[in-house]
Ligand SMILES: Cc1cc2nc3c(=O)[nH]c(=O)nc-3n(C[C@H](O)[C@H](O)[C@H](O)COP(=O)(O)O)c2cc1C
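Shown here is one chain on its own, the form predicted on its own, set out as structure tokens.
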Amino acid sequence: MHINPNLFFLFKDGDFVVWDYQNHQQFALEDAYFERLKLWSQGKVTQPSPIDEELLGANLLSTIPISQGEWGWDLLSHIFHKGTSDISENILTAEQWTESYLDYCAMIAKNPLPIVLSNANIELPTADVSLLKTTDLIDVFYKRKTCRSFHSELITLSQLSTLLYFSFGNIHKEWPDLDGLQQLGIRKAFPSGGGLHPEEVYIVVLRVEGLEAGVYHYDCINHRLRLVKTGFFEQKVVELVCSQYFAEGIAVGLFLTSKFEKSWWKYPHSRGYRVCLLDMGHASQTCLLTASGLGLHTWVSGAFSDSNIRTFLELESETEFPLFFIGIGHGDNDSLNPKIRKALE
């Protein structure tokens, strides 16, 4: 017998639970079953037991070795990857899929979608479409480049407003092709799983003409800002992104968070977490291209102190977490910061 290598154990609701994260199964274990698995894992089994047949039936044991394949990261990443893979193998006709999907929508609609209430009261100027209308898309693709050297220059409030609106704003309002249906989602420039858009945007304003330095939350529905706190937090941002001094000189820093409860309202399976990460990729790339179209430079990072950012942004929700950071401003478009270039020389 061979023990299934895709298992982890935990205490849950007073039970000792084994979780087969590849097959998406959980079992509460009595002591005798755990001890039997332990003996198999240690190679100390001397005679068969009726328990073995139950463990085989639950895929906790196997008559042949189960290969985990090559994996270069740690076990936690393997658990995440396997645990969010292969959620369904059912093959359905178009009619069956449609019926199943509509039944599921009707079921989840019995519970209200979590709504993010905002008391944003700082009006932003109307997004200036003219700043982007003369921009050639191919030119934007070439301009989009990671910059690690910024010049501490101001950007205009109009640039910030336009950036936020076309990157994260509700630009489509309601879509005519969905008339007659309850439209729960927000219609932004980029796609989101279920149209739910769990991402939120917090702006650390450092150098914006006409806007006090501080931390703001962007109300994407009403295109307004809510002041979180005032202050010039450039060095604090550097600390939060693990001392990456490339953030020095930016005009604004955007911390992109995700409100997970908006996604698991529709997608309770752990694969929904993957979708939140994909959503963040869509959101960040849209922002980078918009910033490039506005003649601004950008730098991004996923390396930061999550818990310290939650404290810094004064996040109250227990289900909202930072996933990405974008620095934006005027720079020299150099991929290498002068400090790194000097060290290399």
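As the structure is a prediction and not an experimental result, all values here were calculated from the model. Numbers follow the displayed sequence, beginning with 1.
Only in words, not in the display: the form predicted in complex with the named molecule, which the text now covers.
- The stretch from 93 to 101, 140 to 148, 127 to 135, 222 to 230 that comes within 4.5 Å of the named molecule in the predicted bound form, counting heavy atoms only, is 140 to 148.
- In summary, among the residues 280, 313, 58, 300, the only one with a non-hydrogen atom within 4.5 Å of the named molecule in the predicted bound form is 300.
- The listed set 255, 216, 246, 166 contains one residue whose heavy atoms approach the named molecule in the predicted bound form to within 4.5 Å, identified as 246.
- Taking the partner from elsewhere, residue 321 is found to have every heavy atom lying beyond 4.5 Å of the named molecule in the predicted bound form.
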